[in-house]
Ligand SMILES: Nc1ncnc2c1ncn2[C@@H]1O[C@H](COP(=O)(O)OP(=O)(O)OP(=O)(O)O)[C@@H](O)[C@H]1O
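Here's a solo chain for you in structure tokens, the form predicted alone.
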């Protein structure tokens, strides 16, 4: 059974249909890429899946649970985590504290228990700190723990966002353009990191424009254009699909450049 099922999703804003009858299944343990020209509906679909937007019609099922009308924090507790195209780091917190934010759904103690420092709170806090440091080490930022995110390079900030996304050990990690702005060395490092995340049992759904990057990391690619699925298959199959070529005509997809 697929980990994620998107069934006949439609999303409109006023009279504008942004997602039109879109369906997709993502298998456990795969890296799935969602691609399409700018304005195709990719981020809107991400927002529907993660609970930031309600679908107009259709269903979203995560690990056999219907999450279509569920609030985003409850979906997170079921094992979904995501990053955003635009950085959402907290500059007044250090790198380690930014990762700890991603642990909030794992806290077992309530507000009053923490405020009153009841037995077990310090032990739980230590466990979360250990987990956050482990995530920083996993992405290669262990020596940056006490720094402000503002002093990190662009590539390091991307890694920090992924570490925060991994902090509550998701079954489904959704990444919105993780390779945007990375140089070749950073892109190769990100490919290795995503493969390591997959090896640990997580499923990855990502939006990305860079076809060279996708060819190296994705098991399967789904193509959306004007809110509709137009192609799906292995990266090499999709790259040579006439419908995909037409959708990206003149935008440089086949050359591996950003079509935006």
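Numbering follows the first chain given and starts at 1. This one's a predicted model, so the numbers in the text were calculated from it and none came from an experiment.
The following text describes the form predicted in complex with the ligand, which does not appear among the structures shown.
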{"item": "Heavy atom contact within 4.5 Å of the ligand in the predicted bound form, the stretch among 39-47, 24-32, 66-74, 188-196", "value": "39-47"}
{"item": "Distance check, residue 177 to the ligand in the predicted bound form, heavy atom within 4.5 Å", "value": "yes"}
{"item": "4.5 angstroms heavy atom contact with the ligand in the predicted bound form for residue 148", "value": "no"}
{"item": "Touches the ligand in the predicted bound form: residue 85 (any heavy atom, 4.5 Å)", "value": "yes"}
{"item": "Partner contact for residue 247 in the predicted bound form: the ligand, 4.5 angstroms, heavy atom", "value": "no"}
